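Just so you know, structure 1 and structure 2 below are the same protein chain in two forms, each on its own as structure tokens.
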Structure 1
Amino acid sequence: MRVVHYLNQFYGGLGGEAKAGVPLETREGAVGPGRLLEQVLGEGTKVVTTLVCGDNYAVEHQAEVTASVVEKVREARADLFVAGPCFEAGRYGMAAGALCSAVRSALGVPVITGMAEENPGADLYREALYIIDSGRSAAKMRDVLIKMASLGRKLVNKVPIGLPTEEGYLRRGLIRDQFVTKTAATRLVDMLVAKVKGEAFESEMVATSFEPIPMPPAVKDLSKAKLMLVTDGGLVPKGNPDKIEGMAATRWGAYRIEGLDDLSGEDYEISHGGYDPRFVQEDPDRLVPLDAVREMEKRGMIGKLHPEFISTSGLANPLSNTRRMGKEMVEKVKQEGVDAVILTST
């Protein structure tokens, strides 16, 4: 079995965030986790090529990197393409999912990757791909690679794939026809009775869970409060300096508005699909109401407006990803001593 392995800059041995902008590199043979992957795949298997790319470069140049990876997998005459595992690294997971999807679609080569369930790449690609549940900790690298190798071999040999609980991959949300002895109504009542009795049972449908968020205390005196403007409508300075994606965004930006009483359409653009941006481009204050809040500040209705606004795109964004970005924004809000936030959307 000939294997091509994709790694990010960290697992490829280049370094951490300082090397996240490194373009795609090609190495002969196995690198880093690839050496262990080669071992667990067993005799007769060889990682012939390792592809290493910085996380930032991979997501900012996705079309270029994808086309290059597909061509390199073709040249290597690969029987299997492996990406990761990525654990909770969001950009890594997004790149791994996109590359696996492209390689399988363009070449028909079996693909396998691994991610934590909270990785945004998992939400985007779990229906299309087999993604081994890596969990959060890279300390489980060997266990995860064993599961990836086992499922990868089955995909190459066209062996029937078992259920997620049997193979270790994330639920894909697909329904299979299956003969059963009990009707749906009977199974439902059995689960209800087991729940009432406190007995173990397994639901056939996994409900989406939401972390409970307590209501924050009210601002006692707005005339002394420091406010900040935040939007998920995708308003960014011309040129989109932070390269915020218009869909399934993985990053956000903070932009200076100190000394401004309103926002000019000449200075901003929209990185957000799904709505007609013309009215916002004509007057960005329609999305980020700087003019109205400045007036409130001058009249003493609020104490002070923070000299930056935060922006990202909320379109088609996995819940796990929005949670991560939200927590990152909260840390900045706390550090800046902000008392309240006005959050605007499309």
Structure 2
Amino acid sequence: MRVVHYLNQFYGGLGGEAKAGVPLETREGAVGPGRLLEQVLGEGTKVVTTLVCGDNYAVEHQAEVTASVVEKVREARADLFVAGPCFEAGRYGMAAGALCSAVRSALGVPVITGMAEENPGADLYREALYIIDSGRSAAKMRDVLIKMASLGRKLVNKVPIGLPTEEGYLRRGLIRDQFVTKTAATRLVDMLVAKVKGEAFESEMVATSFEPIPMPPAVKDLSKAKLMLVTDGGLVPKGNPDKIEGMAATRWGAYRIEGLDDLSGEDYEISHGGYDPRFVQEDPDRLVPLDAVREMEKRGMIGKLHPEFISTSGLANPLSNTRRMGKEMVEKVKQEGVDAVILTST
């Protein structure tokens, strides 16, 4: 197995923060932690190329570094691309995530990296990549490399990947089917009994934590602003043209409302399995308040109402889905020059 390994200037042996501006360098063979990586990957594995780059350079010249790294991995005919582990080093983690992501999508080469959960690179790439949870301490280098090697090997050999707790990677927010022998009721009572007895048990629902989002600036002059209506209440035109699912929706739609002063229930339906839709069916303005907003547009309180509203169905949806749709909506909103959004949620 041929491996290409990416390291920052520190682990690449160039030096500390003073060398963070060093451009990408190519070394033949394993360097620093790469030697250990080669060892734990076992017989028949060779780190053919090590790429070393300063943390600042990698972040400031991301496009250039990414393109060179992809090219080097291609030239090396690598079977596996390994970056880090990066522990808590933020710039290192961001670079490792971006490079892994680029190598995999450009070349289809399996990739593996390692980071602490607190690393901003983990926040950004944990859904897209397998990131071994390295913890904060570089003293754990060997343990982390063993896990990275094991998972990397599985990816190369296309062996099924176990759960995050089994393999040691950061939860990706993926949901998959699994056969179990006990019903939910039995499992629940087992857990409860264990809890009461003070024994260990593992919850099947892991609470997700959300990082705070900085508040976007206030709209300075609403009378000049373009406003858009968005809802996660599943209001769609009759026939549900985009086939938006009523639960765990993977799709969203934008629907024309230009020239309309009011929404009529005859033209719409609700694709949402989580609330009683009768009232909104009777009058969709109860979810998408077009009539009131249109009045305010006519009175000049709002510059312009965007001629479409966006809708999807917000129910029992994995975060990986909703985040993707959110990003897609942002693209649309930016493209249309929308200044502010009213989101109505059931």
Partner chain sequence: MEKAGIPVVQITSAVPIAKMVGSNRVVLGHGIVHVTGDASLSPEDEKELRRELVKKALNALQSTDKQG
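The first residue in the sequence of structure 1 is number 1, and each one after it adds one. This is a predicted model, so every value here is computed, not measured. Between two forms, the rigid core is the largest collection of C-alphas that superpose within 1.5 Å.
Matching the description of the form predicted together with its partner chain is structure 2; structure 1 comes from elsewhere. Residue 168 shows a C-alpha shift below 2 Å between the two structures [criterion: core-superposed Cα displacement of 2 Å].
With a cut-off of 2 Å and the rigid core superposed, residue 33 has a Cα displacement that falls short of the cut-off between the two structures.
When two forms of a protein are overlaid on their rigid core, residues whose CA moves 2 Å or more are considered shifted, and residue 123 is not one of them between the two structures. Core superposition places the Cα of residue 260 50.4 Å apart between the two structures.
We note a C-alpha movement of 3.6 Å at residue 179 between the two structures, with the rigid core held in register.
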